[in-house]
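Given as structure tokens, the chain that follows is alone and in the form predicted on its own.
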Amino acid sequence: MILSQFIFVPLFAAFLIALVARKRENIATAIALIATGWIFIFSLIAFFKLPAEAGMIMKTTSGWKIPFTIALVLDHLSAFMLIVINLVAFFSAFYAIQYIKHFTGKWNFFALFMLMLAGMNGVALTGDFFNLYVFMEISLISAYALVAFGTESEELEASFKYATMGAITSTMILFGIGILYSFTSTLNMAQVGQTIQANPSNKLLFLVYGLFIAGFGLKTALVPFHAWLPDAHPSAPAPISAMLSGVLIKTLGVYALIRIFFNIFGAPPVVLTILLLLATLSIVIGGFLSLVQWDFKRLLGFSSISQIGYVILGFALGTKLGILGGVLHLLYHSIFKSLLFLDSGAVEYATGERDIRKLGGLAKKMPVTSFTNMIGTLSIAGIPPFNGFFSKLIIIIACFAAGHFVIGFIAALASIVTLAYFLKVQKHAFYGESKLKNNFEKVPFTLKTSMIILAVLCLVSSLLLIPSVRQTTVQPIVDAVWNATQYIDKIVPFLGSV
């Protein structure tokens, strides 16, 4: 398995689009679709081809030895993230084929899209802290530009806020990496973890914990680091909103937190306690802020804060059952939140409106969008048999099993709040009398197709809970997180041979 293709294919695609697609923008679409389709297929192959015993592949990108080269590590956790990233990326790119015609510069859009994808794949695969930072910045800089892609005042303001807060927290992460380097004299994650295991009581580690929680907490949009998200996500084009909420905050935030704090630092109890508190606050505050929103995409943005709280809550419990719920909700949220953002984009495409009070009656005019939005609503609210029900139920049961009864009740009640604000969308946007004054535009084929497939996945992905399927697909991911320092133990033997 050539691991570097997950980075170099989208990078080459971005270069090729900028080189040859300036005057023939349809070529940009073709290149983006081929590249995203290729790496999505290979992400599935990578996951199922991982060796059963070692469960890990490590490659370097040059003939140099560590630490003078980029080390790429594929285990079940990083392979899982590649599937999530490239699944959403493929359908977002397919959706954008006709959606993006409302904007100028299609080739610019797809070149930036492929750069963002290359950065996220790099974050999932990298085995050292410095390149984690580099790939993270590649994704973020592309995301800043894509948020501002409409070039209206709202988009530019949201992009500026996102870039400013992102720069501050990226600096905090860089300081944390610098402190780790001064302490361990290496940037390779496994070697850093090995050194920390030998001296776990060093007081500098608490400073690093704080810097990483704040830095990656903002990338995750955990409360109180969430202020940028409700502006950035509504302002971005719909396929980018799907990427931001569906995978970017999970890759640069959740995945980075889990990889570093579980696999490198060994899941310190103080960190898990802090994450448990922040996750609970995010579930509650994100949910209640969503209730008062009337802008469709802004409501979805605040909802992401609440839902990402469930993901972090599962992992922060530090139990196998909690981690199982966290892994499933990470995947399921990527599917149904991407679907809901694509639905909102279809509504805005057809009506020119995002204020749900000015809509109404869309169920008759947009039956496909109405149907898929209902599927997304039932999934995110945790209604059986849709995927969100199972992941939320597992997380709530894990809370009770771990003795966190109050948090378990809060998580259950917050799911009712989620249903309330999405039923508000159904009532005002899709049913009742139409209040539209603008001309109605037909939703194109690529938009409908992407939404329908994601809606089907909201139901089909529940099959991952079948015991035989779960043992071969989800359980290895849970084990990769649960066996916290096994990551170090597996990589150290590789280091002498590369």
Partner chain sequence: MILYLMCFFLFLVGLYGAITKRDLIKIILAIGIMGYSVNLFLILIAYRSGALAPILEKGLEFSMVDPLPQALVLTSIVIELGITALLAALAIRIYEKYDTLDITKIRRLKG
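This structure is a prediction, so every number in the text was calculated from the model and none was measured. Positions refer to the first chain, counted from 1.
What comes next is about the form predicted in complex with the partner chain, which is not displayed.
Next on the checklist: in the predicted complex, does every one of Q197, F341 and F390 come within 4.5 Å of the partner chain, counting any heavy atom?
Outcome noted: Looking in the predicted complex, the three residues Q197, F341 and F390 all stay beyond 4.5 Å of the partner chain (heavy atoms).
Next on the checklist: Is F94 near the partner chain? Define near as a heavy atom within 4.5 Å, in the predicted complex.
Outcome noted: The answer is no: F94 has no heavy atom within 4.5 Å of the partner chain.
Item to check | Contact label in the predicted complex: R298 to the partner chain, heavy atom within 4.5 Å | outcome: Because a heavy atom of R298 falls inside 4.5 Å of the partner chain in the predicted complex, the answer is yes.
Checklist entry - Can A158 be called a contact residue for the partner chain in the predicted complex at 4.5 Å between heavy atoms? => result Flag for A158 set to yes.
Next on the checklist: When the contact criterion is heavy atoms within 4.5 Å, does A148 count as touching the partner chain in the predicted complex?
Outcome noted: The answer is yes: A148 has a heavy atom within 4.5 Å of the partner chain.
Checklist entry - Within 4.5 Å of the partner chain in the predicted complex, heavy atoms considered, which of Y144, F371, F265, Y209? => result Result of the distance check: Y144.
Item to check | The single option of P367, P385, G178, P224 touching the partner chain in the predicted complex, heavy atom within 4.5 Å | outcome: The residue from P367, P385, G178, P224 that makes the contact is G178.
Next on the checklist: Heavy atoms within 4.5 Å of the partner chain in the predicted complex: which stretch in 318 to 326, 409 to 417, 162 to 170, 269 to 277 meets that?
Outcome noted: Of the stretches listed, the one contacting the partner is 162 to 170.
Next on the checklist: Using a 4.5 Å cut-off on any heavy atom, which residues of 228 to 250 would contact the partner chain in the predicted complex?
Outcome noted: Only a single residue, D231, comes within 4.5 Å of the partner.
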